[in-house]
Structure formats: C-alpha cells, structure tokens
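Before any questions on binding or motion, here is one chain by itself as structure tokens, the form predicted on its own.
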C-alpha cells in the first residue's frame, strides 16, 4: 500500500513495503515556551528554524501544530503553514482538533498533505472526511470512537475498519487512510504497549494500511524515556509501523538501522549517508 504526499515540487511515498518515513513532531507548542511566544507574535522564524533542523536530521514530513490556550488556530495554522512552505519544500501534516483550523489550512496549503486526524466518533467522521475528499488530502485515523478508548486490539481494528469504510464510501482512496493505533503510557497500564503492538499487527495484516503513532507517548512519567521509546519503536516497526511522528534528532539513526536490518536499504546507502551527514554536522 502506497500513500503519496506532495509538497510544492516534491512527491513522497509512504510504502508498507518500503523504508520508514519520519514525520517530524517538533513544530508543536506543547512544552515549547519559545514557540508559543513567537507564534503569539505572528513571528514564524523559530517555527521555520524547527522545520529546517528536523529536515536536516532526517524528517521526511513535518507535522505542524499551533495549538495552545487562547489561540485562534483557524487563523494561525494557515499562516504558519504558508510561512513554512515559503522556506522548505517537504510535505506537511496539519495537526489540529479544530475542524475550522483544518479547513482554513487546506484552502491555502501547497501540495497534498496529511490531516492529523479523524477518529471513529460520528462528529469527527462527518467533519473531517468530507474535507479530506474535497481537498484531496490523506488522513490519519485514530482508533477511538464515541465509546472512548478501548483496550481490546480487535475492537481497535474494527474502529480502523469503520474509518476506512466511511472514507472509501465518500470516494477517498483507501491508500489515503493512515491508521494511528493509539500509543498509551505504559506507566499507567502495563499492557498498554502490548495492546498497541497487537493493534499495529492486526491493521497491517488485515487492512494493509500505512500506520503512524506518536513516538514518545508510551514513556510519559518514566525515566530513560529515549531508550524506552526506541525499544517500543523497533517493535512497532517490526509489526507494521511505517510513518512514526517523532523527533528526528533522537530517532533517525535507529530507524535507519531498522530499515537496514529489514533489508529495506540496499547496500546500506541510507544508513551510511545518515551517519556521514551527522558526522559533518558535528565538525
């Protein structure tokens, strides 16, 4: 299954049989005081700096989220996206729980983006999927619905199927639906990661769709978060994860290694290229 995203002049393929695609997570005001301060002044220099540094570190797609208390994201998200697209040429993932912000951004964005996200709730399906169809965007489907978050992988699969079926019924291509299996904190539930990994495997085996997840969600409240995130990420990739939302500065080396080990990097070209680019940045 191939999900194609586009920037102004480039095309990116997320392929269930190909190397892992990294969606950079850092343009997000959560725990980034400087980003909140600069965005509130409609100053986009820091957001652009974050965009460029993530691309240099290995990001293929950039997630753009401007949500913080009191923000009018329906106005700020499209402004931010336009500013970023003037400076970098990679596909974007527009990230907001506000359908108005998604729609206002879809009207101005260049290329074919990824929407983050729709879920199985009726109000979400009715708000987001028609926009994805109208503006020819791909969409992330989050496996929760009107009953909340289930801890049963089979039920999460059924929600993924519901999102997929509703999307296809509207005329959205099935390859334009990317599933998020819901990564939850293992500190709160010892089975959380097992549930997510089983959901990934089910979606991969039964639906064949591309799969994303937040790379750092599982380690909240615990020490040594980076190591824990990487362990979970390797297992997730093995089970079918294709496009994690992550900090490329922390995860690209591991992902390049995983691709090489899985025979998705001929002659170790991407692995060695990344190594030498990181060495060049140090000098």
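Everything numeric here is computed off the predicted structure, so don't read it as measured data. Residue numbers count along the first chain shown, from 1.
Beyond the structure shown, there is the form predicted together with a further copy of the same chain, which is absent from this document and is the topic of what follows.
This chain is displayed without a further copy of the same chain, yet in the predicted complex the stretch 219-227 from 33-41, 56-64, 219-227, 241-249 comes within 4.5 Å of it by heavy atoms. Within 4.5 Å of any heavy atom of a further copy of the same chain in the predicted complex lies no heavy atom of residue 12.
A residue is said to contact a partner when one of its heavy atoms sits within 4.5 Å of a partner heavy atom; residue 48 fails this definition for a further copy of the same chain in the predicted complex, lying far away. Although the partner is absent here, residue 186 is a contact residue: one of its heavy atoms lies within 4.5 angstroms of a further copy of the same chain in the predicted complex. At the 4.5 Å threshold, heavy atoms of residue 86 stay clear of a further copy of the same chain in the predicted complex, well away from it. Proximity of 197, 235 and 275 to a further copy of the same chain in the predicted complex is complete: all three residues have a non-hydrogen atom within 4.5 angstroms.
Site annotation in the predicted complex: the residue of 171, 208, 97, 190 reaching within 4.5 Å of a further copy of the same chain with a heavy atom is 190. Contacts of stretch 263-283 with a further copy of the same chain in the predicted complex, defined by any heavy atom lying within 4.5 Å, are made by 263, 268, 271, 272, 275, listed in sequence order.
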